[in-house]
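Form predicted alone, single chain, as structure tokens, below.
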């Protein structure tokens, strides 16, 4: 344990500066060795209170909404890259004002908004779909059959690409360099001649670069070979990799009940504070906790909303849990923070950072006005 969980509010998302810097330093090294530009995807991690740290290592962000683009421009600085499945007519003026690179999802979107993008001096591209299924879970597979994301080779009409200087593809989700290699082969097979006419190619997100065991040397080789073959700039836009294993959600045991099994009620919620636990489903690691039955005392951890299925999972511990005990849910910064909600009016967890000097800084707490303000 790298910090004192009783020294922070509960519940609270806590970023650990030392671990965050280690992730960012690795990404910066990969960028330097490969010649790629690596930027932060805000859809995965948008904790802007730590942007001053991240921007020491990365040059910009990628956004998928006007709000994300504005956050990137105002709080991160540097380049703002923009892609969204659709850009609404009333958004385009602000999108081109905020963006340096703008990727369109379809030829019709390109034709609808191209003039304003070019007039603003924005570098524009289109998203292509290489139709390679390296992601096995359909919900997270950008190239699933009938995908709405990107243009397939069969539908791509090169006569309609006036003003385009780049291509974007996104085929990964928590994947390795091996899956990237497979995706690149599909991209080249379907779009190789077109790539030769481009200035830049965005490899999208889903690169789990900071995961233990990730083959960064292979990633560097793949990027360098692609750059040299096509004479293009390569962009990578991970979100999860920036914050992977760089923080926790601290929660407290607030009640203990028994209904054939032991149940520990917490001041957090899978439904409200860790949506991926139910959506994926995903089982978070807990400091000192193991699979049920592996240790002496097993509990089902229950959330504080009235959703019947608001359970985080079954875990075992060396000692019985007590009211007031703090639990640390690992790897809690990416996606949990950007996807959480106030179902049942449950307050959002506080947000803070455990600094490298050993001090805790509380960045944000939430209350009634945050809940009320979302509803009318």
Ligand SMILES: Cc1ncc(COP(=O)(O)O)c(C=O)c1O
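Bear in mind that the values here come from a model prediction, so they are computed numbers and not experimental data. Numbering follows the first chain given and starts at 1.
One more form of this protein should be noted, the form predicted together with this ligand, which is absent from this view; the next part is about it.
- Interface residue among 302, 289, 239, 130 relative to this ligand in the predicted bound form, by the heavy atom within 4.5 Å criterion: 239.
- Interface residue among 125, 247, 72, 206, judged by heavy atoms within 4.5 Å of this ligand in the predicted bound form: 206.
- Each of 41, 170 and 335 is positioned with at least one heavy atom within 4.5 Å of this ligand in the predicted bound form.
- The partner is not drawn, yet in the predicted bound form one stretch among 183-191, 87-95, 250-258, 230-238 has residues with heavy atoms inside 4.5 Å of this ligand: 230-238.
- Although the partner is absent here, residue 104 sits far enough away that none of its heavy atoms falls within 4.5 Å of this ligand in the predicted bound form.
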